[in-house]
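Given next, in structure tokens, is a single chain: the form predicted alone.
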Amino acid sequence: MISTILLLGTVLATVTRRLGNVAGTVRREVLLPIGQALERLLAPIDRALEPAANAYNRSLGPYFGTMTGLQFALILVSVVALLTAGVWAPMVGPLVGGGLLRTLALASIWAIFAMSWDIQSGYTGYISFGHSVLSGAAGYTTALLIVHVDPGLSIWVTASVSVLAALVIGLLIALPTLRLEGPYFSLITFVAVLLFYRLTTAFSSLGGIPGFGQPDVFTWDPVMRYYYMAIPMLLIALGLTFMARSNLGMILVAIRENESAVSAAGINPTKFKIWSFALSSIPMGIGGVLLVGFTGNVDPETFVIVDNSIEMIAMAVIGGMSSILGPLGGAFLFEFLNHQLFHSYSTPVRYLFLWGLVLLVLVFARDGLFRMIWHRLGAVRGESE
């Protein structure tokens, strides 16, 4: 038995070392020359866009971060594309398997989840495996209010109470766990999601395994449904980016880099970690409410299972952790690949491809694809994020 374990360890070490060597070769021999050629092509465009970027930097840069011309163009084009998707997506959709607006609407919800996870785990370095509990708390609160209290309750009432429930559950998890360090925090959040899953399946009053089918969708109109999901996502991205650029965001990053130094500076890290969990719980609750309005049902498989938390982490890894906009881009790429590009494959095969992509990103682009693109655009003329 011991010899088998030693053999497996040797094989894994060899494979890891060789993958690292391959990654270094590909980066040095292929990616670097391509990047240098693209930089020479993009430099004139960057100079042409510089006046617009400078105008933005003077007015909003102190609050949301400064940009170069190319970075400004990337954000502008992305926002315009999202705001006009109701026009172009129905025309483009048939070329990529159909249902593109549905995929974009779903991606908007998952972008909220991934960004919410990132402001807590990506910025502080305390990796949570239990964030699906927060969206589940919001979803189940909405269903319980409609099923057990009053089916005619206004969405403003159910949504407000549901987001508050997500915040309370988030604080209940954060208060006892964020004093812990190392893997214990991650393990406790993992256990929390398992407990919540068993809680929802054990009692019929909580819907059991079938869950609740009574909460109605917001609308069956695909265009309107998309905007119901996309507009809150953009507002949350704006708010979280503002918070990440504030003193709070800098302290969270400092906690990740050197928590002892933060304590030595007279700052209480636990207080700010709890703030990060609270800041994460609110958009998670909003995302949970939107998921109810998207699916029209609330059940453990859709809202609570630990796979959901793992997918949030995967999206943040693909896009680039501790950047807010990276997880947003990662969520859209993940959902596009899952529901459009790989739609003809079975679910196990689709996820085999997706987890393979996550592995490749971890090996070849540890900062994430969108963070890498962002920094390369910023470096075209010697600037960075």
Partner chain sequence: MLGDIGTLVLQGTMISAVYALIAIGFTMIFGVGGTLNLAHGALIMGGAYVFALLSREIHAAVAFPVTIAVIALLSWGLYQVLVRWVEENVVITFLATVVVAIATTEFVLYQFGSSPIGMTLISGAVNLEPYGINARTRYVQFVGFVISWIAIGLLWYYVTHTDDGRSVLAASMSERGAQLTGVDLHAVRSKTWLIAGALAGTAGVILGSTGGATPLMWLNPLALAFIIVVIGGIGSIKGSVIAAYVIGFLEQFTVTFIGHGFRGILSLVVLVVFLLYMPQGLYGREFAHD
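Bear in mind the structure is a predicted one, so any value in this text is a computation, not a measurement. Residue numbers count along the first chain shown, from 1.
Note that the form predicted together with the partner chain isn't included here; everything after this is about it.
Annotation: in the model of the complex, residues 85, 238 and 243 none come within 4.5 Å of the partner chain through any heavy atom. Looking at 139-147, 74-82, 279-287, 202-210, the stretch with residues near the partner chain in the model of the complex, meaning non-hydrogen atoms within 4.5 angstroms, turns out to be 202-210. Among the residues 60, 337, 352, 43, the one placing a heavy atom within 4.5 Å of the partner chain in the model of the complex is 352. Only one of 183, 266, 152, 94 comes within 4.5 Å of the partner chain in the model of the complex through a heavy atom, and that residue is 183.
Within this chain, residue 127 lines the site of the partner chain in the model of the complex, having a heavy atom no more than 4.5 Å away.
With a 4.5 Å cutoff on heavy atoms, residue 321 counts as touching the partner chain in the model of the complex. The closest heavy atom approach of residue 310 to the partner chain in the model of the complex falls within 4.5 Å. Within this chain, residue 218 is remote from the site of the partner chain in the model of the complex, having no heavy atom within 4.5 Å.
Shown without its partner, the chain has 190, 191, 194, 195, 198, 199, 202, 203 in segment 189-210 as residues with a non-hydrogen atom within 4.5 angstroms of the partner chain in the model of the complex.
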